[in-house]
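Coming up is one lone chain in structure tokens, specifically the form predicted alone.
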Amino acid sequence: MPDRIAIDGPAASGKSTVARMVAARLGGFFVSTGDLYRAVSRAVLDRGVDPRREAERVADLLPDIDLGYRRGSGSVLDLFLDGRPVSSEALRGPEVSEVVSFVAAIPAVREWLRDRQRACCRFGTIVMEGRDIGTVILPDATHKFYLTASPEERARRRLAQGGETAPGTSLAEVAARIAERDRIDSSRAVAPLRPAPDAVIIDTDGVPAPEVAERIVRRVQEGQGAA
């Protein structure tokens, strides 16, 4: 059976970068569930709905949104939204970043995306990153990891990522937004952010992403971190 590797953690903990590296090393497919929530946020905004004030309207829009991964060339999965390919970079602007935590907290959205996330396993070995992969989406994952880092470190990383913050945003402002995202993700009623009981926890403070990825690859190859 192909490996199903779950990598969870809070915002800006390095999940996406590390998961992409792990997938490349293992010859598997990288799946960013955060991109799925961002794509729903983008679709909702494009339809004129503000999820911060109109959560019930977001649920009503879901049947009209066409979203999912398709196999592209080689070992790449392409994300399609409403019939068109959409890049991860296109989903990481400030407008989407400001509302995605509200969209992700809507139970109907999480339920709607659950089967779409699980369906990615049909492609083969999957490295899936998010906030509830090891606890909800793939509770039977063959390997589970949870990445964490200090709020200050995560704020620096987020500020260094082009496009996710508005020009002139300070480190303190970024840290405050990350803290608020942590609060929303950890306190929501459905699938709150937390490590799976059997996850290997990795503190990434001061550790380069390639080194974190190597630790995970080594554990997978040695059969450690398994459910």
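Because the structure is predicted, anything quoted here is derived from the model rather than measured. Residues carry their position along the shown sequence, with the first being 1.
There is another form of this protein, the form predicted together with ligand CDP, and it is not shown here; the text below is about that form.
Here the chain stands by itself, but in the model of the complex one stretch of 6 to 14, 199 to 207, 19 to 27, 212 to 220, 6 to 14, has heavy atoms within 4.5 Å of ligand CDP.
For the chain shown alone, Y69 is not a contact residue for ligand CDP in the model of the complex, no non-hydrogen atom being within 4.5 angstroms. In the model of the complex, ligand CDP lies farther than 4.5 Å from every heavy atom of E54. Ligand CDP is not drawn, but in the model of the complex it has no heavy atom within 4.5 Å of R194. With a 4.5 Å cutoff on heavy atoms, R42 does not count as touching ligand CDP in the model of the complex; it lies far away. Residues of 170 to 196 placing a heavy atom within 4.5 Å of ligand CDP in the model of the complex, in sequence order: R181, D185, R188.
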